[in-house]
Ligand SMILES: Cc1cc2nc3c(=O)[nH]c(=O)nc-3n(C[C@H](O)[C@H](O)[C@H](O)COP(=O)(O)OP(=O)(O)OC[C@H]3O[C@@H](n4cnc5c(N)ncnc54)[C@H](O)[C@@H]3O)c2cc1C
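There is one chain below, alone, in structure tokens, taken in the form predicted alone.
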């Protein structure tokens, strides 16, 4: 009897919710629940800002309380954050900085304001306690293996610290017994995000060491200047045998990749980056016409990705990352063939959803945009 009652109660609640959904069609129960409290919605994830801090002049740290649709994340993953700006919903990708353990309904995001970034600047300047954001389920494969390696090297630069800091905090909470070194690069000590938190992590665990590299300062760092393999020799002489996780600006990423390639151990290097990838674009052999059905506009195919061509035609389609991650720019292609500029794959199906930011027309293409 004790096991049947909870099951019956659960089924009764589910039946009641299903009936309510049918009665409230076409809007659905969530449209009414969000009038009471946006975090009560069931089918979407919402987040309320509970704390705002500015650790440096160009960054903002947001502590978020999540709705019950949130199912947790693995350290290193990212989420898509949506915010309404001037009546248009904008979406960008950010990595949580907190451990995957702890309060399951809390996220911590630290965002650097890009001078050309619409969403990052908006959140930096206007985020406030009580603000409600849209949040996706977590995504991404930049995560620690289920088996924890005996040795780990974590490298970050600038705001790329967040996913690897989440990994480090997770290892601390697990009582990791191997050896882990965290190397973070910044111009100066004043620009190091989470410096106190990193120092506390190293103090709390015999398995964790933290090192700082300053590219502009002459003193106070464990290593100085731009990355070189000698930095790793100094702080983690065993780095060639370690699994390494890297996130940071393109210059740092390229230098570390080159070092691992030269050492013949690229398979031990795992990376995450949110800078646009190099796309294969051929504007010299482009043919055909691109028609944007909803707006009634059309343009000669320039060979650029469809997002660029839409903007060149005076349209303003919704978009986010411009690199094929956030899916904000997804539109329906009613006819024609497109090439994925990342993979080279061709797709000629009718009425299919495509991402404008990485899709290049091959001949005539019609888009519901």
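Numbering follows the first chain given and starts at 1. Bear in mind the structure is a predicted one, so any value in this text is a computation, not a measurement.
The same protein also has a form predicted together with the named molecule, omitted here; what follows describes it.
Partner proximity in the predicted bound form, defined as non-hydrogen atoms within 4.5 angstroms of the named molecule, places exactly one of 198 to 206, 87 to 95, 282 to 290, 143 to 151 at the interface: 87 to 95. For the options 62, 338, 321, 66, the residue carrying a heavy atom within 4.5 angstroms of the named molecule in the predicted bound form is 321. Between the options 162, 244, 82, 170, the residue in contact with the named molecule in the predicted bound form by a heavy atom within 4.5 angstroms is 162. Among heavy atoms of residue 166, none comes within 4.5 Å of the named molecule in the predicted bound form. For residue 119, a non-hydrogen atom is located within 4.5 Å of the named molecule in the predicted bound form, even though that partner is not displayed. In the predicted bound form, none of the heavy atoms of residue 174 sits within 4.5 Å of a heavy atom of the named molecule. Among residues of the shown chain, residue 78 is one whose heavy atoms approach the named molecule to within 4.5 Å in the predicted bound form. Using a 4.5 angstroms heavy atom cutoff to the named molecule in the predicted bound form, none of 125, 131 and 191 count as contacting. Contacts between 220 to 256 and the named molecule, taken as any heavy atom within 4.5 Å in the predicted bound form, involve no residue at all.
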